[in-house]
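Shown next as structure tokens: one chain only, the form predicted on its own.
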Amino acid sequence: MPFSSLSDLKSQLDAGETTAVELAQRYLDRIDAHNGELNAFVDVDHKHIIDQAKASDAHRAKHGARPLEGLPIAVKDIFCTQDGPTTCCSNILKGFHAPYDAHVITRLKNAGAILVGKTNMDEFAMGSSTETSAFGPCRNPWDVERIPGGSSGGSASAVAGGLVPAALGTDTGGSIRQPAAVCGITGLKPTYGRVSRRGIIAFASSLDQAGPMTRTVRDTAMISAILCGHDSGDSTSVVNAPEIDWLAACDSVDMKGLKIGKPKEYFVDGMDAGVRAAVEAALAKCVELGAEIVDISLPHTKYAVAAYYVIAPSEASANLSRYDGVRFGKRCENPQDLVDMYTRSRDEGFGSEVKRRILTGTFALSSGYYDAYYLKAQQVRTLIRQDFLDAFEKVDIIATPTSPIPAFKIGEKTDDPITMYLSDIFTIALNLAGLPGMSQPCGFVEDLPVGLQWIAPAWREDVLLSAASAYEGATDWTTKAPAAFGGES
């Protein structure tokens, strides 16, 4: 039961084999039993969760079932929710309660979902390992001495450990896909503008996008169908975005006629040999399913990390300027004057990685350096986007590793931020280009999961889901779960 898919749970609820209250209680029992090991959740209100479940059962009895009726879904601690604290796992927002729900939270509630607590994350989503959280590091259920990826590591760990069947994450440079990969689950970053950003605490506004983290491709589609759609309250939400049939896209059983691009820049020296072997084996399976592998080049990929770590910190510098002890966040004790209040409130409230990125971004935007750094990075971003446009003239979809290495040990890279940043080397370019990307499990390296990343043209999440569904159906990777938490590894 702990590792049931959303689809299976929905069938059980629809057939009357269980109730929303029974389901919620079972997952709360799992959280009580295992969250101490994983630190995946940072806030769980048992009474509120059961109250939601009771209301769901009552709605089903009186009005019938909504699309996600009674299904438990966890939420990253970056989404504003009226019903509990929203801290971005930062001391500067300790005790903050949002006055409204994020747009996607409202959509989930209206679809009947049961929101099961807030999950751990890197502070303000700045990190690749969920070690920068003010609540302490999250752990990977496949090996609790290792990281679950980041920044949505709590959501990935909770799903992979069977503490919840699905969760929401956000992806600014790989923060859904990379933790999904190293935890052995499925994660989707939609096209930029397809999901409203209203009520998501901003990191880098031109890059952030919310998406689901689940056990299966169909579960990802079920949630995405609810999340996506125009929001007039978000200027980055695209009007009249091309619509797709999310669930129908998951019916694919083969890849006949599909041209899959294999970019040489994503299969390079330095990546783990086991990861490369697993991804190569996945591509061989795609050929068996009827696909054609086409060698392609994305020549400006080598500049993606550098461009990202100018653009993202620059936007973070601007977004986090509001946390000053006056408008939002922690205020220091007994300030001597206004400058002292600003300085000490921010110094005491922000962690070291957030401070590092604020300083980097402020420098890049400063007079005399804007043209040399920020403007140049935006020009490189345009070239990266053009690389993808050129590639999609030749292929339908692109396949790459999601992460160059499996999960590393907690503390292994915390003193080397550059090496940590390279954990996202295969995911960052998609955010710069605004494209949809998905990671799904494709094997193991010494009992640690490996992820296969799919990249599609803008607005073609249906192509992602179709390819991923065919591959999932031909393999058994999504049935694997960590034995230490009651699964079959």
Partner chain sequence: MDIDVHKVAMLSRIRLTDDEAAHLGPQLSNILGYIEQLSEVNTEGVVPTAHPHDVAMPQRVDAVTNANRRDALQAVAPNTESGLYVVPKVIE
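Note that the structure is a prediction, hence the values are computed from the model and not measured. Numbering follows the first chain given and starts at 1.
Unshown form predicted together with the partner chain; subsequent notes refer to it.
Visitor: Among Val253, Ala284, Ala277, Leu375, which has any heavy atom within 4.5 Å of the partner chain in the predicted complex?
Guide: Looking at the other structure, the residue within range turns out to be Leu375.
Visitor: With the partner chain left out of view, which of Ile260, Val305, Ala391, Ile405 would have a heavy atom within 4.5 Å of it in the predicted complex?
Guide: It is Val305.
Visitor: Is the partner chain close enough to Val239, Tyr309 and Ala458 in the predicted complex that each of the three has a heavy atom within 4.5 Å of it?
Guide: Every residue of the spot touches the partner chain in the predicted complex.
Visitor: Can you say which of 286-294, 97-105, 394-402, 126-134 gets within 4.5 Å of the partner chain in the predicted complex, counting heavy atoms only?
Guide: Partner-contacting stretch among the options: 97-105.
Visitor: Given that the partner is absent here, does Lys409 sit within 4.5 Å of the partner chain in the predicted complex, heavy atoms only?
Guide: No, Lys409 sits far enough from the partner chain in the predicted complex that none of its heavy atoms falls within 4.5 Å.
Visitor: Any chance Ile358 has a heavy atom within 4.5 Å of the partner chain in the predicted complex?
Guide: Yes - in the predicted complex, heavy atoms of Ile358 and the partner chain come within 4.5 Å of each other.
Visitor: Since only the chain is shown here, I'm wondering whether Lys109 would be in contact with the partner chain in the predicted complex (any heavy atom pair within 4.5 Å).
Guide: So Lys109 does not count as contacting the partner chain.
Visitor: Residue-level question: is Tyr342 within 4.5 Å of the partner chain in the predicted complex, judged on heavy atoms?
Guide: Yes, Tyr342 sits close enough to the partner chain in the predicted complex that at least one of its heavy atoms falls within 4.5 Å.
Visitor: Looking at the partner chain in the predicted complex, which residues in 411-450 have at least one heavy atom within 4.5 Å of it?
Guide: Contacting residues: Asp415, Pro417, Ile418, Tyr421, Leu422, Ala433, Gly434.
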